[in-house]
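Only one chain is included here, represented as C-alpha cells and corresponding to the form predicted on its own.
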Amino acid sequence: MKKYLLKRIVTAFGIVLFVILLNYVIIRLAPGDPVRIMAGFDNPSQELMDALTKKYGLDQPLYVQFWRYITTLFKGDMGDSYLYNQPVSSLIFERVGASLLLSGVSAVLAVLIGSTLGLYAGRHHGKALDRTFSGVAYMLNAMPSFWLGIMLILIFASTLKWLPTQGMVNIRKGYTGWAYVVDVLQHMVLPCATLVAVQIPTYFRITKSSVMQVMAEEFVTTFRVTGMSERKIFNKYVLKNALLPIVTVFGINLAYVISGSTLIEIVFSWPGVGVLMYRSISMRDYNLLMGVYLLISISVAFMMIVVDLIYAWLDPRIRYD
C-alpha cells in the first residue's frame, strides 16, 4: 500500500505540473488583453499601457513568462492579481472558506439524501414511492441550477420575505457570536437548497442502478437459497458493494467543491472562489485565474488518491500491493 501511495503521489504531482502548463498556454492564447482592460477602453494612454505591460512582464516571450511563473510558484508565490493588485494567494484563501462551506455542506446533504432515496428505490423497484422518487429526480435533473436559484429567490425571498436574497451575511447588522452563525445559516438556505436539489438526481440514479445490479448477482441468489434473511443480505453484502460507485461520484464532486458552484455563487452573490474565478476570466486576470485552476487541480489529484484508499477499505477484493 505504501509503495502504491507513493507512486500515486508522484503521478499526481506530474499531472498537476502538466495541468499548470496546459492552463498557462490556453489562458495566454485566449483572446483579450489584460493591459487594455486595466488601462480602460476610452482612449487609453499608450505610455500607461507600455508601463503596465512591463510591470507585469507581459512584454517577455511566453516561455520566459512561464518559467518565471513556475520558479516563483515553487517558492510559494502565486503572483499578484492584475485586477485587485493583491497577492493571488491571499485573495483565494480569503474566499475559499465561503466556497467550502456552501459547496461542502451541499455535497454532504446531497449524497445523504440522494443515496438514501436511491437505496430505497433500488430495493423496492417498481413500487409507488420508487416511481415518485424517479419522477421527481428526472424533473430536478432537467432544471438548470441558475434558473432554480432564481425561482427560489422569487418565491421565498422576494415574495414571501422569509429568507435573504443574496450575500453571506447581513453587513448592516454586524452580527457577532451565535447571531452571526444564525445569520450565515439563513443566507445559506436558498443557495444550499439549490445545489442539493440539482445534485440529488445523480446520486439517486447511481445508487438505485447500483443496488439493482448487485441484487441481481448470483451470490445474492445463493444467500437467498440458503435461507438468509433479506435484511441481512442487503445490510451486510448488497449495501457495501452498492456504495462503491457513490464513493467515486462523491469524491469527484468534493474535488470540485472549491469552484463547482460558480453559477450559484453568482446568482446569490455568495463571496466564494467561483465569483472570483468568473471575474478573473472576464477581466483576463491571468495570475488569479492560474491560482484558482492550480487549487482545483490539486484538489482533484488529492481526492482521487483518497477515493482509491476508500475503495480498498470498502472492498476487500481491491488491493494495491
Partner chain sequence: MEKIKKVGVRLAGMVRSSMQLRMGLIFFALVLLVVIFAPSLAPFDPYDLGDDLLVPPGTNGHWLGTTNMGQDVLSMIIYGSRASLAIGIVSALISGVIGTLLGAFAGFYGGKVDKVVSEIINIFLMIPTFFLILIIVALFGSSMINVMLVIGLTSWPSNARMMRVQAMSIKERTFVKSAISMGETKRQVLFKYIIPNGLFPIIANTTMGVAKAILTEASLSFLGLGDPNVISWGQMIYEGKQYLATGWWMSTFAGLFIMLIVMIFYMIGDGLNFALNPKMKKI
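Residue numbers count along the first chain shown, from 1. It should be emphasised that the depicted structure is a prediction, and the values quoted were computed from it without experimental measurement.
Beyond the structure shown, there is the form predicted in complex with the partner chain, which is absent from this document and is the topic of what follows.
Visitor: Does L73 reach the partner chain in the predicted bound form, with heavy atoms at most 4.5 Å apart?
Guide: The answer is no: L73 has no heavy atom within 4.5 Å of the partner chain.
Visitor: Could you tell me if Y120 has a non-hydrogen atom within 4.5 Å of the partner chain in the predicted bound form?
Guide: Flag for Y120 set to no.
Visitor: Even though the partner chain is not shown here, does Y293 get within 4.5 Å of it in the predicted bound form, heavy atoms only?
Guide: Flag for Y293 set to yes.
Visitor: Although the partner isn't part of this model, could you tell me whether A30 comes within 4.5 Å of the partner chain in the predicted bound form, counting any heavy atom of the residue?
Guide: Result yes; A30 sits at the interface with the partner chain in the predicted bound form.
Visitor: State yes only if every one of A193, A197 and L309 has a non-hydrogen atom within 4.5 Å of the partner chain in the predicted bound form; otherwise state no.
Guide: No: none of A193, A197 and L309 comes within 4.5 Å of the partner chain in the predicted bound form.
Visitor: Mind listing which residues of 205-223 have a heavy atom within 4.5 Å of the partner chain in the predicted bound form?
Guide: Counting only heavy atoms within 4.5 Å of the partner chain in the predicted bound form, the contacting residues of 205-223 are R205, S209, M212, Q213, A216, E217, E218.
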